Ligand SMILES: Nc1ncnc2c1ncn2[C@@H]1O[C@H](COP(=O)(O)OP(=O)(O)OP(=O)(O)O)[C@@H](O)[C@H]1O
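Take a look at this single chain, the form predicted alone, given in structure tokens.
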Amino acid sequence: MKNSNPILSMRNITKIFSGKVRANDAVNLDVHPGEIHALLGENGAGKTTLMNILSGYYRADEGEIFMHGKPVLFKSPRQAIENGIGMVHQHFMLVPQHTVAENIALGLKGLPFVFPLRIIEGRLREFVSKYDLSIEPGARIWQLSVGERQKVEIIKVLIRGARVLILDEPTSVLTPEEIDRLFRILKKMKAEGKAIIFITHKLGEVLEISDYITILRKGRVAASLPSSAIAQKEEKAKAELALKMVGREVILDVKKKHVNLGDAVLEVKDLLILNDRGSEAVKGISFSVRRGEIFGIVGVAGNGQGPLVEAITGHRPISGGGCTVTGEIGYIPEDRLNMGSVPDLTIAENSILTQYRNSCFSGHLFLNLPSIQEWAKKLIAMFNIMASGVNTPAKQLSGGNLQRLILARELSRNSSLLIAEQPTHGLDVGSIEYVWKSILEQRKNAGILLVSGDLSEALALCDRIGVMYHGKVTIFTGPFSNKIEKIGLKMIGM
């Protein structure tokens, strides 16, 4: 790895947004053949911006990129992939109604006019066999699991000749089994001499899979070192990496204070919900959430958690049973970009999406813009949202800062029930610490329904946990220290 010349070098890369926000500030990065290079940093540290420059989505304001020692300039993603650089984004770029083969064929050069899919299917099967990917060329994207869709994205860049593969938060929506399979695939690619840039917030994965680590903080390189230089004990190593990322000690060891339980704010009784295909997604489950309690719903994705939340929040009809909510609902959705915010609206406008009828923010005909902007400034200060101003579009915020904005909006409503769906999905350790503390604070005045794919998060925060499997729920009461194995087995149906 490091005894070879770098396949890729980025020198003094600088990118400035809105005239003053330095997303990248003189960043240097070297990546070698046969290397898995982890790129770490807080949300908003500049990781995705740097990779978007490398993959041709953005142009750097300053600096140069070299491939095999020769300068290159990418004006588009097509030019980047033609030079052997392919990026798999956190949010997949696939056409759901098309087949696997059709998605791979889109934009691919050199295909014959007649029967191009036959050529694609043949080449696809070669990659499927080579990397043990198990993908059916004729399957439609909407029929595939999240892990399978990710495989399609990886094949898309490999079939175009990528020698440098960029993976942006590749494990954030995968099950443990899917993560293991992905890591086996990456190790095969590494053995072939491919270079992999692995963007993640999960420090345990960095220690398991990476050869080299570069850490960004506030747009600059805070550290660049081989993984072997990190402490060998996992907890100490995680603490060391977190300190380099955030610049302070981060403790994800919550100490929940006792809170007196109040009346039930959510009661679910014999709830039956159908999915989009008319099959039973939730099969007659019952539970309640009391004020002062955090009730967790955990399970492998696709076992009814989504339809359950949609029914409680009024986004999906109930086919049987009942659901009673006392008071108002605050809702932090899993899809923070499209469900939790309006990307093209400003921070100020997004801050009142769920309370714009409040007399403080609107008169009879028009919104009170000065009042809204003052409110947004208050939330930015209280929740430490990193943004250039209240008129910044929400789509320009990093994932962590957008989540803070949604948290600020929903927690400030003082609802009796807070539904938090995957609240730390894709967040760095500093942001996770902040979200956990915010949820625990809200517990004093509300009942909380926490839906999480991260079992360790549920174990740390929840008073009771409901494990969903095939639309049914099994409830465990804390403390959970001697029940972790049973909970894990229930998650896979045993």
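Nothing here was measured: the structure is a model prediction, and the numbers come from that model. Residue indices: 1-based, along the sequence shown.
Keep in mind the form predicted together with the ligand is missing from the figure; the text below concerns it.
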Check: Based on heavy atom distances of at most 4.5 Å to the ligand in the predicted bound form, which listed stretch, 447-455, 30-38, 61-69, 46-54, is the contact stretch?
Finding: 46-54
Margin query: Which residue, Gly147, Gly84, Gly321, Gly399, is the contact with the ligand in the predicted bound form, using a 4.5 Å heavy atom cutoff?
Written below: Gly399
Check: Arg409, Arg291, His201, Lys156: which sits within 4.5 Å of the ligand in the predicted bound form by any heavy atom?
Finding: His201
Margin query: Please determine whether each residue of Ser18, Glu42 and Glu169 possesses a non-hydrogen atom within 4.5 angstroms of the ligand in the predicted bound form.
Written below: yes
Check: Does Met386 reach the ligand in the predicted bound form if we count a contact as any heavy atom within 4.5 Å?
Finding: yes
Check: For Val473, is any heavy atom within 4.5 Å of the ligand in the predicted bound form, or not?
Finding: no
Checklist line | is_contact(Ala23, the ligand) in the predicted bound form, heavy atom dist at most 4.5 Å | finding: yes
Next item on the list: Using the partner position in the predicted bound form, report whether Asn358 sits within 4.5 Å of the ligand, counting heavy atoms only.
Entry: no
